[in-house]
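Shown here is one chain on its own, the form predicted alone, set out as structure tokens.
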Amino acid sequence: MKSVLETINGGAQYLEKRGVEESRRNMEHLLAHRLGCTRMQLYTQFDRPLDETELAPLRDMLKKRGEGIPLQHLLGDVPFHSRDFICDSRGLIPRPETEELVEMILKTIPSGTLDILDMGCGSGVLGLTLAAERQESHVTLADVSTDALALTGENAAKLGVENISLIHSNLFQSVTGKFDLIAANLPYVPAGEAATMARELQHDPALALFSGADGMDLLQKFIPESVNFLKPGGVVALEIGHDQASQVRECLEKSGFAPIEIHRDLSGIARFPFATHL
């Protein structure tokens, strides 16, 4: 029988040979998941022997990770803003930048009862987090993907979030009413980048990633349409690509938004436009 430490070391070497970044951290997560403990708890049981009933399913997970299946899909969930969300191939794996967007929104929007729309909700991390943090408000989550909406519903049930509505809609096609805030992390990756993306990203739904030759197709449709669904003084808050700030600002200006602020992410990239429509 192999010990916990021997299993970690062997698995990390296996993953490193297959080009997996942070191979030891990945291996620790996989083993902790199989043993039902935290990564830190592994360090207190390095000498513990593992029998075949524990090692066999771990080998299967290890093989899949070496083939490029994302760690989050193998673990089945992902932490986001102090909550654990179900994570699988039906929705985009949440990025740290989206957590930054949530923090900015929560600091920006006023207290009280608000009507909020999460357009292109995916797994629901953005809209459900806002609903959980602002329980006096109502959040509508919309997506063109029925699979993504099903995943959002499962996450809402898991988190016990009830102040929400789910809508199957191609952008605003099936949306009614007006909102104080419309938040959106729409697809913004240029289609031509598909061949050069990390293999893990190939397990994200293409519908949630790509948006035309320059990544701007959906944003250029969404921004002018959003005007009709905002209350006076309503705000649009977006996450955009690393080189799209000037194009998005121009589109917001043409649609009558003012003022427009584009906040930078922790890497210094102009990533988060916040725009008001009076």
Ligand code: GLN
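Quick caveat: nothing in here was measured; it's all calculated off a predicted structure. Each residue number is its position in the shown sequence, starting from 1.
Unshown form predicted together with the ligand; subsequent notes refer to it.
The ligand in the model of the complex is approached by E239, whose closest heavy atom lies within 4.5 angstroms of it. Mapping the unseen interface onto this chain, N185 counts among the residues with a heavy atom inside 4.5 Å of the ligand in the model of the complex. In the model of the complex, the ligand sits within 4.5 Å of a heavy atom of R95. The closest heavy atom approach of L209 to the ligand in the model of the complex falls within 4.5 Å. Proximity to the ligand in the model of the complex, defined as a heavy atom within 4.5 Å, singles out one entry of I86, V161, V102, V189, which is V189. Of the listed positions (L106, I167, L75, L201), a single one reaches within 4.5 angstroms of the ligand by any non-hydrogen atom in the model of the complex, namely L201. Between 87-95, 170-178, 109-117, 133-141, the stretch whose residues reach within 4.5 angstroms of the ligand in the model of the complex through a non-hydrogen atom is 87-95.
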